[in-house]
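Have a look below at one chain only, the form predicted alone, in C-alpha cells format.
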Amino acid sequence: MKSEINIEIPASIFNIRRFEATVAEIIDYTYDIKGILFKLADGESIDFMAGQYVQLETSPYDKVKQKVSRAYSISSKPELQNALQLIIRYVPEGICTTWVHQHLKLGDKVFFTGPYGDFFLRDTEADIIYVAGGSGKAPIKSMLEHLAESGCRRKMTYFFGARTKKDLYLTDEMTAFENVFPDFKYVPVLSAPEPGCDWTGKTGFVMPYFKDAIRDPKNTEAYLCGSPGMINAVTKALMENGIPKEKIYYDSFG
C-alpha cells in the first residue's frame, strides 16, 4: 500500500549558501582576539538571525596545504546585510585561527558558507540573562545590536566572564547599551584579576551574581556562549535560581 509522505524543510535552510567576501577591517580587540569585517561581493547579501554562525574556509599557508572550514558566530547585526563581522580568538596550533591571526590581510578574498544554527533570540517579552566569555561575546553582540535596531524594552543583564583586565574588550560598547535600552546592565566579572591592578568590579565566577539580576525566573530566558564547562556550570546555576531548562539556550564551543 502506498501513501503520501509530507516532508517539511525549514525555510532557513534555503538561506544557506557559499559567499565570497573581502577582508575590509581587522581589529585587535585583545592580545589573542581579533574582529574581522568581511564585505560581501557586489550585489550579494546575507540573511541571518542574530546568534547564528558561518563556516569560514581557510586558504593554504606555510605547511598547511589543505583548506579547512571552521564555525564562527556572526558578531555583527543582521541589518548589515552586505557585510558581516566575526570575532576570532587565537588557538595555538589551530589551523584556522593561525591563518586568521598570522596570515589574513586587508583586501584578501575569502569564502564562507551559512548561515547555520538554532542559537537565536526568541521573539518574546521575557527578561533575558546573557552569559559569555572570550570570543563568546560575538553572538551576544549581534543580538544586542539587533535589539537596539528594533527598540527592545525587555529587561536584560549581560554577564561577561574573563580572567584578567587584559581579557576584557568592547567594554565601552557594551556599557553604552545601558543608555540605549531602558533596562539593561553589562556586568564584567574577572576570575583572576592581577595583583595590584585597579579593577574595582566584580570578581570570581559569574554564577553567584545571578540571583540579584533575576526578578521573575519563570519569565526569564538565558542565552549562553562559551566553553562546555562554562555552559554546564552556568546552566546548573540558572536552574537552581528557578529558570526553566527549556528557556536556557546556548552555543557551546571547545
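It should be emphasised that the depicted structure is a prediction, and the values quoted were computed from it without experimental measurement. Note that residue numbering follows the sequence shown and begins at 1.
Quick note: we don't show the form predicted in complex with a small molecule, though the next part is all about it.
The candidate stretches are 83-91, 106-114, 143-151, 122-130, and the one lying within 4.5 Å of the small molecule in the predicted bound form by heavy atoms is 83-91. Interface residue remark: Leu168 is not counted as part of the site for the small molecule in the predicted bound form, having no heavy atom within 4.5 Å.
Not displayed here, the small molecule is approached by Cys96 to within 4.5 Å at the level of heavy atoms in the predicted bound form. Contact check for Met156: every heavy atom lies farther than 4.5 Å from the small molecule in the predicted bound form. Taking the partner from the other structure, the small molecule in the predicted bound form has a heavy atom within 4.5 Å of a heavy atom of Tyr53.
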